[in-house]
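A single chain comes next, written as structure tokens; it is the form predicted on its own.
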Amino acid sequence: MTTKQIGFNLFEMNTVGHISHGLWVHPANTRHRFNDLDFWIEEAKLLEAGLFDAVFLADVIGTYDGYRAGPETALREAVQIPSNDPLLVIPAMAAVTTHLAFAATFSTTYEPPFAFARRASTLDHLTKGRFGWNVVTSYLPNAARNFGLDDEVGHDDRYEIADEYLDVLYKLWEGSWDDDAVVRNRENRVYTDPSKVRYINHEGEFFKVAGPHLTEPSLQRTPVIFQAGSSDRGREFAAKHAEGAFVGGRDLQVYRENVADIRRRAVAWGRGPEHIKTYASAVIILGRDRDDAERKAEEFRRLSSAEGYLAHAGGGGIDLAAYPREARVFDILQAENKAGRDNAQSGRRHYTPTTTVGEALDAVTAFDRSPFYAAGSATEVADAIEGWIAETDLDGFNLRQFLTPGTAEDFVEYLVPELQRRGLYRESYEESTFRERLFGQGNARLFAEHPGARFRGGANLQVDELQRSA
């Protein structure tokens, strides 16, 4: 069994219905309060009391309108709509906590990098170095239309944009200001030494950004970088940039292979394999005993919305419910593989060549699928988690919510003490930035081997085509 401590983040979204569709109707669920700042403040206090690593905030910038040819189901079922900006709740949560970290999703596909660079630096300042960024390349067709395009940007093209986007950000975060640029010299009336701040003058294929960065260096400078790409291109991007990677797989063996693959790729980029933490999503239902946990699971099944899950699954533009149950999903994906659409990549990740529509529909509406599902007492769930880590070499999990605050409350009340008893969960926080929590004291900044570090001190500010296209 494993002996390393396991990291846990609460998987969140600034919305009513994130991924447990239909459960907003549960009488113990407070998701309808997501517009209320107190909702986020209360959650932050609970997570810090439970010694969570972070709250991980997902986001989308479009609606799921691929199911039944419109957004009506998503609207009716609250499938990630209505939703708010994830970045804006972080300062309030940071103000009532000292150690809890915050990872928020932001897309590189549609909005330019300069403004986001300042927002991210601001959050790193306000949180005292507790901010992380989940890099995504938005996939919803509706998101593309919201930003003036007819359809999605092609899958690999999105990653090319993202690569240059990160180059711009690294130049701003790491290269534009020297560490000692801010002198605050009252006697000579000099706040910032102008000789230690520089333009970046980036001119690339997708972006032209002069700089300088508008924000003075924060504790981490570059926020902790997360990425969740499962395609070959996505894993290569994660191996180059990510410090936390979310991996996928059909079973424990495939997860183990994918974890090893990410680390091998990181080494090929000149990074240390230990410089990437790997995570998966976990479905954990806890009770006083197995019967109590199973009762909760059955209640969640009863209240879950099949229509909600189908609307979510159809967000990529494929309405599986419109096809006969015996049809093969791969055939549909090939037939509907329009320019810019990510169907083929998605199919390879989620379906086998023989998967039928009926099988896919049955799977998409079930939350109790292996390999990372456990319902039972603290002892039973801890046994399962310990086995998952040993079998996959993962570093931690994003905890899926069914009820707010119930899911986190059960985790803190039942599971945390049992994991602590086994030495698998921290007893207290250390004073640290987010990056130091993941990689140890003294590692508040990007590791020197990370590609973003090559811009430190104003070095390499010219566009590095070899690095980006390799």
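Computed from a predicted structure; not experimentally measured. For every residue, the number given is its place in the sequence shown, counted from 1.
Not pictured, yet referred to below: the form predicted together with a small molecule.
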| property | result |
| --- | --- |
| Listed residue that, although the small molecule is not shown, lies within 4.5 Å of it in the predicted complex (heavy atoms), from 258, 105, 142, 109 | 105 |
| Answer option from 377, 122, 83, 231, heavy atom within 4.5 Å of the small molecule in the predicted complex | 231 |
| Output flag, 11, 136 and 155 jointly within 4.5 Å of the small molecule in the predicted complex, heavy atom basis | yes |
| Partner contact for residue 59 in the predicted complex: the small molecule, 4.5 angstroms, heavy atom | yes |
| Distance check, residue 159 to the small molecule in the predicted complex, heavy atom within 4.5 Å | yes |
| Contact flag, residue 246 vs the small molecule in the predicted complex, heavy atom cut 4.5 Å | yes |
| 4.5 Å heavy atom contact, residue 281 to the small molecule in the predicted complex | yes |
| Contact segment among 161-169, 128-136, 366-374, 296-304, judged by heavy atoms lying within 4.5 Å of the small molecule in the predicted complex | 128-136 |
